[in-house]
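Okay, so we've got the same protein chain twice, two forms, each given alone as structure tokens, structure 1 and structure 2.
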Structure 1
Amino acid sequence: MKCFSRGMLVGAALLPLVMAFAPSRAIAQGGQPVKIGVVLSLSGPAAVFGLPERNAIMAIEKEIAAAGGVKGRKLELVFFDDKTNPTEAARGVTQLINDEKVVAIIGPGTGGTILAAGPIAERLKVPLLGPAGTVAVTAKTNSFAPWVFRVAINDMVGVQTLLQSAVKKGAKRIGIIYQEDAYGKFGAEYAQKLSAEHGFTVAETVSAAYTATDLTSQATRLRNANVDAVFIQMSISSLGAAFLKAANDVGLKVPFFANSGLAQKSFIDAAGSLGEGVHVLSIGNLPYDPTPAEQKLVALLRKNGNEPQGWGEIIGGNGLMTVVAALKAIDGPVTGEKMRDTIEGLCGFETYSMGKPCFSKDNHDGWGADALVVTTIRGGQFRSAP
């Protein structure tokens, strides 16, 4: 693997595709490798997702390269660390398109970084495959909407699935704790909107900054509101664990329902025994109760020296497998515009995830509720809930 400065890592050879900065700049089949950009949070708060995403992408690429590429094309992955920073993400996307001539980008890594990079993708005509649930990234009101695809689960689907599970288990007065960013705020607001439809009341809502370590006041407010369950809208493992500690300290003894941001081994490790019994939404359940497709991904990861962490590997794999499916459908030179148009026609293609992926011109959210499972932490593992 070659490495560039300023946080950019360049992967070793992968599959021959096409390089495109503008429609007129394409590489013929059998020529130079097709370059695919990968802009992920390899450092900063969201590295807990970015590193597993990267590991899956690299492991899958090695298998593709060993099999001779895609339709005889080799692929070259070019990595860039967005550092969980929107400005860095925008810079990385610009650099990979202008300097490296990538024809598609897996990433950036979070909702905020995707939104920052969207206008650049629109201007330079290269699609982004975003591994984030933040609803706004595929909103049709965005001028760049035609150039952004989601390879994760839309948070509207995730929040509804989790809260339906809470209500089925008897929750009526639900408290909410969320992290102070777009992801957290949306989840809290959407839960409030769902309350009347699904038969529960939001009794109290509290928030915490990414870097908070003492959440005693938030846990106390939820306890004093007499909630009978808590919805945790967080994606930072240490923050989720800090809340569980505070809840235990103040005697908040109710069921906890965490969104998929916490479906990572790092959360189990950080929470320790306090995590037992917490219900966590997940995109699949790798590596604890894997489907046959997920088992293949687990094997690839371990073959490359990486122990699976959770859904990060799944959505990273979704990004690369979407690229592969598009390349299989393209004959001749590949451009960013051709990649975008082709992805809009993909449906039911091979992946390592649950659910049936399906994109269209009107739907850039490729995965739905059939890719989700509500798990419960038991014995230090995410186990599929009965």
Structure 2
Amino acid sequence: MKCFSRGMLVGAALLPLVMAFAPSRAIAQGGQPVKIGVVLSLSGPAAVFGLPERNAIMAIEKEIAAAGGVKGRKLELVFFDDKTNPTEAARGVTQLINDEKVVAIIGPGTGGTILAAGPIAERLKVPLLGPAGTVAVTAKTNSFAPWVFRVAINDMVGVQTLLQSAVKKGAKRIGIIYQEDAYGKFGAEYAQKLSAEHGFTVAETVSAAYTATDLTSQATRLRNANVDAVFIQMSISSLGAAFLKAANDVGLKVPFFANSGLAQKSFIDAAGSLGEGVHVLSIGNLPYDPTPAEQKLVALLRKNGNEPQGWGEIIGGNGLMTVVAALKAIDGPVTGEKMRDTIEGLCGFETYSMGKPCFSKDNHDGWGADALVVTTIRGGQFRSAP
């Protein structure tokens, strides 16, 4: 009895203390930070895109943390460099899900690495948000299709938008030059497929190896085929610049339409004055003509000491904003499966990108043609066409 009353006394004495701690403990439990994996190509050939993607994700994350998280939940990002390598990407995704218990992964960085990580995401039941245009990434025939979402723009939509713009500017006989890889070959073949539907003919198709230094033969062939516009499906800026130079050498003077692979500052630098007037497809226009939403992202990036590079930041931001939108819609504990189900129902949420994102059960490509803009190089800058 004595003992009991002493216990009561101690208890009573401690009560205010316990009360004082109670609220903070409640937050710590209910607000266990939600872990999100970020697997991007921070080194290797795709680092050109991976680094800006990461910069945007980090800048936006800081902003979210400053605002107290999403619905009281704190976000914790876990980064992994896939080195533009499918094996590394698969390892990273496995590691982040098994060891770090992430509930969603932004990445991996390229089409090839996403496809390699897809089966793992399916097995471990965590959705991937892929920042790549490669068509196969969201193909319905993939067994892991339910688990992979795209936060970039499908390459099919890109090629179509660019060629529509070419036709609108009067192109009828289009020549194609592509780099010899999956990206290049896809563009050339898909353009051929689109030709009948969009009222142009493919007058000539030529290709170049990565290592080619001189493209005058290819340019000569396009010139001899009397093309009235050239569609450039390349992502290596030196190759693109070499083609412009060769075209100038052989006197091929027609409008050029380059796919988004060349929407890089290094392409402008390498092409110099020959780049003027070239039309380049881009996802938004962050560095030169940002829309109001994009301006907010530019401000965030600058706050972190990063200058906007191109569309990498936009699709990186798309990835994180998709996660944020999903978290806003989820009540109670967050799991990978819940994230997947919720993302599939997201439509019209807030992002820093152009266009209205919309996912559904049948469509895992969140962004469409309205997120794209055909820019023209003027004064050494990509300017959004008036």
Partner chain sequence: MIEYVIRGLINGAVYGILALPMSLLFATAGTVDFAIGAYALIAAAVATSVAGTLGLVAGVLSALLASAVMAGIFALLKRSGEEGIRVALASFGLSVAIASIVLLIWGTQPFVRPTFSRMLEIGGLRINPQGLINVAISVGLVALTYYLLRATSLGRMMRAAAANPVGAELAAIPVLGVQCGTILAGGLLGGLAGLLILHSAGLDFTASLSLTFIGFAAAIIFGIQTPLRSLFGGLAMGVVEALSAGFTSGMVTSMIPSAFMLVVLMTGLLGSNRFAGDRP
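Note that this is a predicted model, so its numbers are computed, not measured. Take the two forms, find the largest set of C-alpha atoms that superpose within 1.5 Å, and that set is the rigid core. Residue positions are counted from 1 along structure 1's sequence.
Colleague: Mark the structure, either 1 or 2, that is the form predicted on its own.
Modeller: That would be structure 1.
Colleague: Given a core-based superposition, decide whether the C-alpha of L301 shifts by 2 Å or more between the two structures.
Modeller: No, shifts by less than 2 Å.
Colleague: Core aligned, does the CA of G316 move at least 2 Å between the two structures?
Modeller: Where the cores coincide, G316 shows only a C-alpha shift between the two structures that is less than 2 Å.
Colleague: Given a core-based superposition, decide whether the C-alpha of Y210 shifts by 2 Å or more between the two structures.
Modeller: For Y210, whose C-alpha is compared between the two structures after core superposition, the shift is 2 Å or more.
Colleague: Keeping the rigid core superposed, can you check how far the CA atom of L274 moves between the two structures, in angstrom?
Modeller: Reported C-alpha shift between the two structures: 3.4 Å at L274.
Colleague: Aligning on the rigid core, what is the distance the CA of K253 moves between the two structures, in angstrom?
Modeller: Here the C-alpha difference is 4.0 Å.
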